[in-house]
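One chain follows as structure tokens, the form predicted alone.
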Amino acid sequence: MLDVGSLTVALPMGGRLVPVLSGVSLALARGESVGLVGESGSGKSMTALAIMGLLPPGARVAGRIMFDGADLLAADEAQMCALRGRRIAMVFQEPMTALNPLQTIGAQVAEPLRVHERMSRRSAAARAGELLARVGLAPPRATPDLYPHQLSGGQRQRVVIAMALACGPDLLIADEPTTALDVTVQAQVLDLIAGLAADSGMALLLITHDLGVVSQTVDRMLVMYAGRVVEQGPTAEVFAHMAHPYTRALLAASPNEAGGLPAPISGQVPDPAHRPLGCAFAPRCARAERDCTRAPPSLVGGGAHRVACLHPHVAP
């Protein structure tokens, strides 16, 4: 259903165009779930914004984004507006910026129904109430006439999910949907998204920095670093081998059930305008050799599990 091929995005910075995504490819079938994993600045959200047609002004895009046979890179704004919220929906990471503080939550959930489905005000309001109940916001816990500031962070995120699901989209993009939520609420929200996606048969693209989240949520995963995919494959295979040093570092930096302290990754994701010539992770990698600094490695592998590393960890 979704086919992204060799996607490259460049943004104007300091008077020149700077690549922020380089050769990103992913495919997503109807009913499938895929995770995009990586630190802030890895290009995960930029990939989602490119799919949604919401890139900043001046962005230059090359490659391919096909959705159910339609070329999204060739679509005009009117065509994208018809898709957004109806067939492709997005759950943003900060619900307070996604919700209008001056409108009730019922009115905001009803809006896509009135715009895309041409429902009457009364019918849309009734359907909004059903959607809010579906995400766990039924009376007396919450009512459609409440305003965003009257809800907790977890409740606001549930409202955003209800808005995204209103028109029964074919593809749901969830961009860090549990940011700033406590651990218990995080688990509830993630279970809710995964359950709703499975029940409705829609495709799910989950964006997160937490490998623990994807291990329990998605069928396949792509690990991104500095605008490139560095490892990808079925989730179980990636976790079984963890060939790229960055993937292993991400896992070590994630909270674990045993209660051990996370091990932070030394250094930072390079600025897009000053990325190394070779492997972008080389300056932070304990396995880096001289050949890692010459050119970015390509994704290689004999099956669905592929890795972009000249000195990967070898499965026992």
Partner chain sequence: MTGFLLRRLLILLATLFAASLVVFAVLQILPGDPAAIMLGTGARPDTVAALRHQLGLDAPMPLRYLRWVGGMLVGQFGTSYTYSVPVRDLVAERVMVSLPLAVMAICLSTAIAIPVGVLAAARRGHAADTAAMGVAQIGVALPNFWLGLLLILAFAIRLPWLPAGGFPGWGGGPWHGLRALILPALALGLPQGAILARVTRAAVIETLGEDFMRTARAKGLTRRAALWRHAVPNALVPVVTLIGLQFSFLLAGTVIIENVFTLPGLGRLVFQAIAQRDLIVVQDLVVLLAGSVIVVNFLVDLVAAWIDPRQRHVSA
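Positions refer to the first chain, counted from 1. Just so you know, these numbers come straight off a predicted model, no measurement behind them.
In what follows, reference is made to the form predicted together with its partner chain, a form of this protein that is not presented.
A.B. asks: Only one of these stretches, 184 to 192, 97 to 105, 220 to 228, 121 to 129, has heavy atoms within 4.5 Å of its partner chain in the model of the complex; which one is it?
C.D. replies: Checking each option against the 4.5 Å cut-off leaves 97 to 105.
A.B. asks: Does its partner chain get within 4.5 angstroms of any non-hydrogen atom of residue 85 in the model of the complex?
C.D. replies: Residue 85: contacts its partner chain in the model of the complex.
A.B. asks: Is residue 77 close enough to its partner chain in the model of the complex to count, meaning some heavy atom within 4.5 Å?
C.D. replies: The answer is yes: residue 77 has a heavy atom within 4.5 Å of its partner chain.
A.B. asks: Does the 4.5 Å heavy atom contact test between residue 252 and its partner chain in the model of the complex come out positive?
C.D. replies: No, residue 252 stays farther than 4.5 Å from its partner chain in the model of the complex.
A.B. asks: Using heavy atoms and a 4.5 Å limit, would one call residue 54 a contact residue for its partner chain in the model of the complex?
C.D. replies: Contact with its partner chain, yes.
A.B. asks: Please pick, from 177, 112, 245, 169, the one residue with any non-hydrogen atom lying within 4.5 angstroms of its partner chain in the model of the complex.
C.D. replies: Selected option: 112.
A.B. asks: Please identify the residue among 238, 163, 206, 202 with any heavy atom within 4.5 Å of its partner chain in the model of the complex.
C.D. replies: None of the others qualify; the residue that does is 163.
A.B. asks: If the criterion is a non-hydrogen atom within 4.5 angstroms, does every one of 25, 263 and 281 touch its partner chain in the model of the complex?
C.D. replies: Checking in the model of the complex: none of 25, 263 and 281 is within 4.5 Å of its partner chain.
A.B. asks: What residues in 206 to 243 sit within 4.5 Å of its partner chain in the model of the complex, counting heavy atoms only?
C.D. replies: Sequence-ordered list is empty.
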